[in-house]
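In the block that follows, a single chain appears as structure tokens, in the form predicted alone.
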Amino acid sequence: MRQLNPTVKFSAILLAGLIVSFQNNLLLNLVLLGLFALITAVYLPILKWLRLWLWLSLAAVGVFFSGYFFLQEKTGGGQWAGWQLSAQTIYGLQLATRIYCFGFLGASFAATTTLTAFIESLQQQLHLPTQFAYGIMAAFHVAPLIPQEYRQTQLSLWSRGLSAPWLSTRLMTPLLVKSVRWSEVLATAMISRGFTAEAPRTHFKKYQVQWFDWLFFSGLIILTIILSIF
């Protein structure tokens, strides 16, 4: 999976997720769930993989019961009848397994693709404008600083005997000001190093679409379509 072109891999996973989202197909959900759960098990540490199962399970249980009681009320069914394979149970399982399917589809891409590789591939394959590409990478690298700045602002308020709720303007305003300052500093640094959006640029690593990329794309989509028919 790590050898696949990031743009082709993203397109295949996105298209498969769209096909899943437009139908209630338990077989399709289970097959994709099993396939991509195995893929993520290979590339993720076991604790992260189990944690992913835990968070998806919490969401899936809620969605299952929502679908179960929704269909029960819509069809005028009786009370909760245990785990018998009724229409309500099947409908709930279809919705719940869809949550797992979406989760492991996204996790398989995140576990096998770095942000830099994905942005570089978008630039080379889909001609993403350079200013957008570097803007996205800068935003992702600045994001980890926000919790640290939030905590420092909170401590500075406490040191002066002031308190503020979680989303108070006393906390949010300094973060917004610092975010604007970060963006100005980054823009100035890039311009001072000769960055211009119109100038042609070279790439340290060339991303090309190989035969195995098309094999993965066509194989996943064909599998999804065949399972959708059944």
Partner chain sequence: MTKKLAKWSLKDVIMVGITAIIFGVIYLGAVHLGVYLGVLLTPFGLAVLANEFIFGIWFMAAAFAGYVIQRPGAALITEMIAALLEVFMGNFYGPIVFVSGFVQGIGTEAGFMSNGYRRAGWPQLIIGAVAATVTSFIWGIVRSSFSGLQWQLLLSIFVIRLLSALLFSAVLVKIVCDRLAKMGVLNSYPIGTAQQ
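On a predicted model such as this, the values are computed, not experimentally measured, just so you know. Positions refer to the first chain, counted from 1.
Here the subject shifts to the form predicted in complex with the partner chain, a form of this protein not shown in this document.
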4.5 angstroms heavy atom contact with the partner chain in the predicted bound form for residue 39:
no
Does the partner chain come within 4.5 Å of any heavy atom of residue 182 in the predicted bound form?
yes
Would residue 211 sit within 4.5 Å of the partner chain in the predicted bound form, counting heavy atoms only?
no
The partner chain contact in the predicted bound form: residue 187, any heavy atom under 4.5 Å:
yes
Which of 50, 35, 177, 162 has a heavy atom within 4.5 Å of the partner chain in the predicted bound form?
177
Any residue of 92-120 with a heavy atom within 4.5 Å of the partner chain in the predicted bound form counts; write them all down in order.
95, 98, 99, 102, 103, 106, 107, 109, 110, 113, 114, 115, 118, 119
